[in-house]
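Just one chain is shown here, as structure tokens, and it is the form predicted on its own.
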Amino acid sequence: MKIPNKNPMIRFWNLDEETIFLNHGSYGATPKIVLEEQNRWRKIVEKDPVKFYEDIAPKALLEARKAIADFVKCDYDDLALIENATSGVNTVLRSLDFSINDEILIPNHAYQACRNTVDYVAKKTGAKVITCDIPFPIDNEQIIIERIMNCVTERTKLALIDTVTSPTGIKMPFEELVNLLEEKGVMVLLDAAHGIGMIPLNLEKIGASFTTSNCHKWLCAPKGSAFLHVRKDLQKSIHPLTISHGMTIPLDGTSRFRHEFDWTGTRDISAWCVIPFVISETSKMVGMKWEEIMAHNNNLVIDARKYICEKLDIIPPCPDNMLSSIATIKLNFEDFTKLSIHEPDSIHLELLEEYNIQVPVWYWPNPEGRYIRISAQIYNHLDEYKYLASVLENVCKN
């Protein structure tokens, strides 16, 4: 079987030349120039750690928040820099006060780590978890809106809503859902793990109580860079997972939210420091504006999914307008008795070990199925997905 063509853009990344890498969605991939810039920041730290953390770091982190705020259209003082979106979800859920009279609403398509956090908080506080069943395959966005809103009661305190679901890869109608839920007095925690750099975001316009997003995924920043946006009227209720000096430092004209999140202890903050560089230089590197990068990736994943589905005789599980830069396809299997959500899928292992294709394949219990999820990033080529389709045709038959 002929090895597929690679996109010339791949030269800007350190990705293994022998691997057909179709899984940007899990951990992202960072360009060489960004890693070099991160290393430059690490050297600055070690020249004089005291000067760095007391003088240079506050200014660098302010510039990072300003760059993110400009990208997602919000006030930079409403942002906190964190390690990942799961930390953001934990920060919010473990800060809020829930009681036995409260309900937390979450779709069955939610990321498992976030579902675990909801269950953990509910068990500690006595709150009730309401799981909204959304079908997959699915025909349109209105089904999602109707199902979620039908789960809302007078006790619903918070709803965890994805921008793009991780297991099923569908772009949720999150703008409309946020508006409907917040109007009913339900706080929305918008899980935009797949968010910044993948889809256009205007946080002020969206108006969610809380939004968290990974910069290391579709923005291509280094690992361990993400943000949490908290609406001004709720900032007094939210505290970092690590309580440190910021709890008692005199406010000096700023907010307790700002002090608590800006310093939680000594750590490597180089991934945050490079964010302004990531936003400006990655765009220059590929010769496209970020809006063009997002549109390119969306078009590529639509074309890739179409080819794979036609090759494998699979009906696409959702319309094209519900895709972003990832697409999940339900494989034609009906017997799931030997499959587990906690064990590597044999198809995934065979694709990687025999064909050097890095793409996730897994069993998911609700909606039940055996799924494969493709990602499309600027360094991918349509030929890679055609190669995957041909390999899958053989592997699935066996």
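All residue numbers are counted from 1 along the displayed sequence. Computed from a predicted structure; not experimentally measured.
Another form exists, predicted together with a further copy of the same chain; not displayed. Remarks below refer to it.
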property: Candidate from 87, 298, 235, 156 lying within 4.5 Å of a further copy of the same chain in the predicted bound form - any heavy atom; result: 87
property: Listed residue that, although a further copy of the same chain is not shown, lies within 4.5 Å of it in the predicted bound form (heavy atoms), from 202, 99, 280, 112; result: 112
property: Contact label in the predicted bound form: residue 387 to a further copy of the same chain, heavy atom within 4.5 Å; result: no
property: Contact of residue 383 with a further copy of the same chain in the predicted bound form (heavy atom, 4.5 Å); result: no
property: In the predicted bound form, residue 71 touching a further copy of the same chain (heavy atom, 4.5 Å); result: no
property: Interface membership of residue 257, a further copy of the same chain in the predicted bound form, 4.5 Å heavy atom rule; result: no
property: Proximity to a further copy of the same chain in the predicted bound form (heavy atom, within 4.5 Å), stretch among 284-292, 244-252, 142-150, 307-315; result: 244-252
property: Candidate spot 42, 223 and 266, all three touching a further copy of the same chain in the predicted bound form (heavy atom, 4.5 Å); result: yes
property: Residues of stretch 1-40 in contact with a further copy of the same chain in the predicted bound form (4.5 Å, non-hydrogen atom); result: 14, 15, 16, 19, 21, 23, 26, 27, 28, 29, 30, 35, 38, 39
